[in-house]
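Two forms, one protein chain; structure tokens for each follow separately as structure 1 and structure 2.
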Structure 1
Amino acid sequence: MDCVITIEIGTGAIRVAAFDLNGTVIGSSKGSYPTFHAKPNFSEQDPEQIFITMLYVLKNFLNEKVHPKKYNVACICFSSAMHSVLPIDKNGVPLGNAMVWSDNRAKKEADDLKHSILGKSLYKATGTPIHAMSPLNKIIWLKTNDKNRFSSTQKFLSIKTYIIQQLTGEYVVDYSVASATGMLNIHTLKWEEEALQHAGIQTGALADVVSVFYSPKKLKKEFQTSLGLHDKVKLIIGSSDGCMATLGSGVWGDGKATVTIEESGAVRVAGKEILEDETQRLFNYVLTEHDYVSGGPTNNAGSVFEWYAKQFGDFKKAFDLEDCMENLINDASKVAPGSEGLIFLPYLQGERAPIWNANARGVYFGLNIKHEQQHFIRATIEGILYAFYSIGKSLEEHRCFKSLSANGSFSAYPLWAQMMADIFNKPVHTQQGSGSDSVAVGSFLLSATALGIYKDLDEAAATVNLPDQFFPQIQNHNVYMKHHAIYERLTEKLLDEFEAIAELQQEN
């Protein structure tokens, strides 16, 4: 029996899954790797560590779940996080670590560009908000601050491009990941010349742009042998994790939006038209020549709750983070909505949409003598979800949606899903117990379309069923809206203080 393998190159982990051609999950596996923060605003990962982790997880998964059951691997489809930059030399060797999406060192470069005429022009051309996250600004930072590394660079790659090149020898990047660089013209699907000139590079310094359905060269012989795969396995370059999660949630067309809550998060819609936002709050990423995924990302989702758990949680077993978080969430459920006036701004890693401020900082506000740890836990979750709601409000200025499809590890917690329904005042659809599967499902649907099982992505998305529903409670929504209004006013009032504290850090 044939099967499809999906490989997600995530922010903190490789996730491998297998599906039969009916879309039934055969199994899944995961392997993690760290992010390094050598200096404030630096977020880096070792590309070799990611590649070795991917090989290790994939080989073990095939040997344990696929080969023993005599499945024939028909294709392997890739997805990845966006906004990474990895410089390589003329021999294809990485020049240091990759800069990942949460790397904020290019704040000044982004700020200068955003307030220029060129910045406005590039946003309209590329659909990527001007921010330190974007590879465009990361490359400009390297040109200005790490001249030796910049001048030694033959190509600037995404992590996914690097891994596919290691497997096949081919330098390619899909429309979706390319459209998140700030350097792809999403109208022509070619590298934008004005962006390249501003970065001081030429087209040859970037990978070739291809369709998300593109099949790279065959696996190199050594990997065919090591993984036990034949030479007819079809590789599909795939898309970004965000676009895959949107497809895998069945959010395809009007009236629906998807919320992803992993280490980072986003609110997204899909459609045939680009959303024009004059204030540059929203992204427009390409999936196919006629399909766009639009929305806004947040830096501060599950990673913030994990930070809280590591700092203040009670670990009954060493490194037992998941059990610790479940206990914290149980404690939070004992507190009424609004956390008795305690409000949390979750900007521990700066923030992207809708404020696009890399200098934003985390704040607990409204603390009084009656507050206990359970209030802090509840306020932390509420603050994270308020950030999602602010993005959703911005998105609804352009496209209305009546329901949410939630995916990602944290949407699998019933309390989080119910709080989201209450805050948005919209029904939330999930699949409890498998909240992180939407990226893999999207990769399967893309693969199945490429294999001819579905005629197009519209038909593929229509097959998605999220059976678990959470309906909003209006009394809770009213409480949340009063607190959210304070949340947004605090964010606005503290803008000058965010800048001041960032300047102090620079001095130190």
Structure 2
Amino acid sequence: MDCVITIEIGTGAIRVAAFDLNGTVIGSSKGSYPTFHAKPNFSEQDPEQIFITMLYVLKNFLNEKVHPKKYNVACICFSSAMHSVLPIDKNGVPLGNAMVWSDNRAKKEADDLKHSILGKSLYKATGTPIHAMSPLNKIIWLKTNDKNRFSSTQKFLSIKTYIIQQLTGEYVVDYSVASATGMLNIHTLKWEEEALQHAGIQTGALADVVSVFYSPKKLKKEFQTSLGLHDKVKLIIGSSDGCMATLGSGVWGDGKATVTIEESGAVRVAGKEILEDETQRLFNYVLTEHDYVSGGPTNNAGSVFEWYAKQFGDFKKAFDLEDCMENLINDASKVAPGSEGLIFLPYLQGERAPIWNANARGVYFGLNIKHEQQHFIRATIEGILYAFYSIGKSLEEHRCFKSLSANGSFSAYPLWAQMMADIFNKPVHTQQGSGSDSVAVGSFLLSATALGIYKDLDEAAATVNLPDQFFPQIQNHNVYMKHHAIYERLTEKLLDEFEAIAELQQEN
């Protein structure tokens, strides 16, 4: 029997899964790798460690779950995190580690560009908000601050491009990952000359741009042997994790949006048109020549709740964060919506959409003598979800949606899903209990379309059947809206103070 293997090169881990051709999960496995912070603003990963982890996990997975059951691997499809930059030299050898999406060293370069005329036109052309995350600004940082590395660089790759090159020898980047670099013109699907000029590079310094359905050359013989795969296995380059998660949630076409709540998070819609946001709040990433995933990311999702749990939670067993968080959530459920007037701004790591302010910081507001610890817990979750709602509101200025599909580990908590439904005043589906994550499902759907099982992605996405539903309660929604209004006004009014405190913190 044929099967499809999906490989997600995520922010902290490789996730491998296998599906039969009906889309049923055969199994999954993961292997993690570290993010290094040589300086506070730096976030780097070792490309060789990512590559070896991928091989290791894939090999064990095939030997344990796929080969013993005599599955024939029909294809392997890749997805990856966005915004990484890996410089390689003329021999193809990495010049140091890769900078990943959370690397903030190019903050100044991004700020300068954002407020220029060029910045406005680049946002329109490329669909990527001008921010330190974008590879364009990372390359500009290298040009200005690491001249030796910049001038020794033959190519600037994404991590996925490097992994695929190691496996096949080919330098390619898919439309989707390329469209998150700030250097791809999303209207023409070619590298944007103005961006390249600003970065001081030529087209040859970037990989060739190909469709997400593109099949790179065969696996090198050595890897066929070590993995036990034959030479007819079709490789599919695939897309970014964000686009895959959107496809895998079945959020395709009008009326739907997806909410991802992991360490960070995002609200996304998919459609046939680009959303032109005058104030540059939203991204537009490409999946295919006529499918765009648009939305906004937040820095402060699960990571902020984990921060809270580590500081103030009760650890009955060493390192048992899961248990600690579940108890906190249980306590939060005993407090009424609105946390009796305690409001939390969750900007512990600065914020991206919709405010795009790296200097924003966390705030508890409205504290009175009656508030207890459980109010803080609930307010923390509410604040995190208000950030998602603010992104959703800015999206709805362009396109309405009637329901939400929630994915990511934190949306598996029923209290979070219910609060999401109440805050947005829309029904929420979750993938909880379906045994697979939306990125892997999206990769399967894309593969199945490439194999001719579905006629196009629209048909593939329509097969996603989401089991659980949470329905909004209007009286809760009304309470949340009163608090959210204060939340947004506070965010705006504190602009100067955010800047002042960020500057003070910089001195420490």
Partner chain sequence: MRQNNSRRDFPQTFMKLEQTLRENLSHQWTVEEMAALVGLGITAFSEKVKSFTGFSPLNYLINIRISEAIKLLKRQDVHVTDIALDVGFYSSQHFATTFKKLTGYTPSEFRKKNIPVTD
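Because the structure is predicted, anything quoted here is derived from the model rather than measured. Each form is matched to the other, and the largest set of C-alpha atoms that superpose within 1.5 Å is called the rigid core. Numbering runs along the sequence of structure 1, starting at 1.
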Of structures 1 and 2, which is the form predicted in complex with the partner chain? 2
Core superposed first: is there a CA shift of 2 Å or greater at G362 between the two structures? yes
Taking the rigid core as reference, does the Cα of Q349 move 2 Å or more between the two structures? yes
For R15, is the CA shift between the two structures at least 2 Å following rigid-core superposition? no
I486: Cα shift between the two structures after core superposition, Å, came to 3.3
After superposing on the rigid core, what is the C-alpha displacement of E372 between the two structures, in Å? 5.4
